[in-house]
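There is one chain below, alone, in structure tokens, taken in the form predicted alone.
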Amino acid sequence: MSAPSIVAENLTKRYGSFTALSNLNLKIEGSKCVGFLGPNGAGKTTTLKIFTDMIRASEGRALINGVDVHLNKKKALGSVGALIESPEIYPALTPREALSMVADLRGLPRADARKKIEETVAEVKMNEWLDKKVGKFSKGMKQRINIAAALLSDPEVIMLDEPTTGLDPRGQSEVRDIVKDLKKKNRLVFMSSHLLNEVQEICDEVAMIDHGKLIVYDTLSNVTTRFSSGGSNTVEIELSRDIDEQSANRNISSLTSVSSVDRIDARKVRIHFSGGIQNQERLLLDLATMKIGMISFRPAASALEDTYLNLIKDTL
């Protein structure tokens, strides 16, 4: 089985004299989560709507798993689950009833639909609400049912358009946890967002667009290394046990390329270092050798913000 893929070839969308997308070229392959970043009006939702054939491109092609979405919609979208903007669910229906309608539209055999509905509702952690009226649900609960609808056909490719927008902090956290779980099941998740901390927490790679044009597409660590200001990069590490400020400063600051160390709390440290991805790789190895109980190592959220502000200036 070939790896799932999303490809935009010279994708352009015009509305009269306004160009929403301008010769967008983007090729994403493999099981991963890719964050799609850009300011409001940059073209994120337009791109997702073209990939789901909700609107037609003025020029260029959108391909999913090698199939042109516009020329062969059924084949291209047969392996896709999508949540574009935030569709409403009839409040008088239960999740079981609403998802049964979606299963019918997707052509799932009725003999299989009941089991699949129960599986997808369990995947979004809504089992106990399966037969309750949706009208009583919070926004976060409704969004989880919308994600369940996108998962009914067991898709290889999942497209999410700002899935946590409008949710309270608890709802945002619940949806992020679901997206993290999706990554573990050999799926390609393409998720637009304007929340940098969300992309930092969830995504493996990031594509940034502005004024309808692709600015950069790379792994999260490569993007923050290449474009952060001042030639300095920042990572945060979490530890399984406490580290005092003196130990953090004395031991970690002595490592090659490290310029400064900030102890955020007893088990979290922010490290500033110079150089590129090779220095970051060496820093990770050196920290592991120190055996200080490191359980996570990732670019700091501030590093992505710094990169974003450097790359996307004109619209801010």
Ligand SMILES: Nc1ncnc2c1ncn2[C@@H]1O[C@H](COP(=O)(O)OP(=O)(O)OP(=O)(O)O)[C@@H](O)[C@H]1O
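Residue numbers run from 1 along the displayed sequence. In this text the structure is predicted, and so the values were computed from the model without any measurement.
Although it is not shown, the form predicted together with the named molecule is what the next lines describe.
*Asks:* I need the one stretch from 66-74, 249-257, 277-285, 43-51 whose residues put non-hydrogen atoms within 4.5 angstroms of the named molecule in the predicted complex.
*Replies:* One stretch meets the cut-off, namely 43-51.
*Asks:* State yes or no: in the predicted complex, is some non-hydrogen atom of G60 no more than 4.5 angstroms from a non-hydrogen atom of the named molecule?
*Replies:* No, no contact at 4.5 Å.
*Asks:* Does the named molecule get within 4.5 angstroms of any non-hydrogen atom of E162 in the predicted complex?
*Replies:* Heavy-atom contact with the named molecule at 4.5 Å: present for E162.
*Asks:* Quick check on R226: any heavy atom within 4.5 Å of the named molecule in the predicted complex?
*Replies:* Contact check for R226: no, nothing within 4.5 Å of the named molecule in the predicted complex.
*Asks:* Though only this chain appears here, would K133 touch the named molecule in the predicted complex if you measure heavy atom gaps against 4.5 Å?
*Replies:* No, K133 is distant from the partner.
*Asks:* Select from the listed residues K125, K213, H194, K116 the one whose heavy atoms reach within 4.5 Å of the named molecule in the predicted complex.
*Replies:* That would be H194.
*Asks:* At 4.5 Å, heavy atom to heavy atom, what parts of 17-31 sit next to the named molecule in the predicted complex? List them in sequence order, or say none.
*Replies:* Result: F18, A20.
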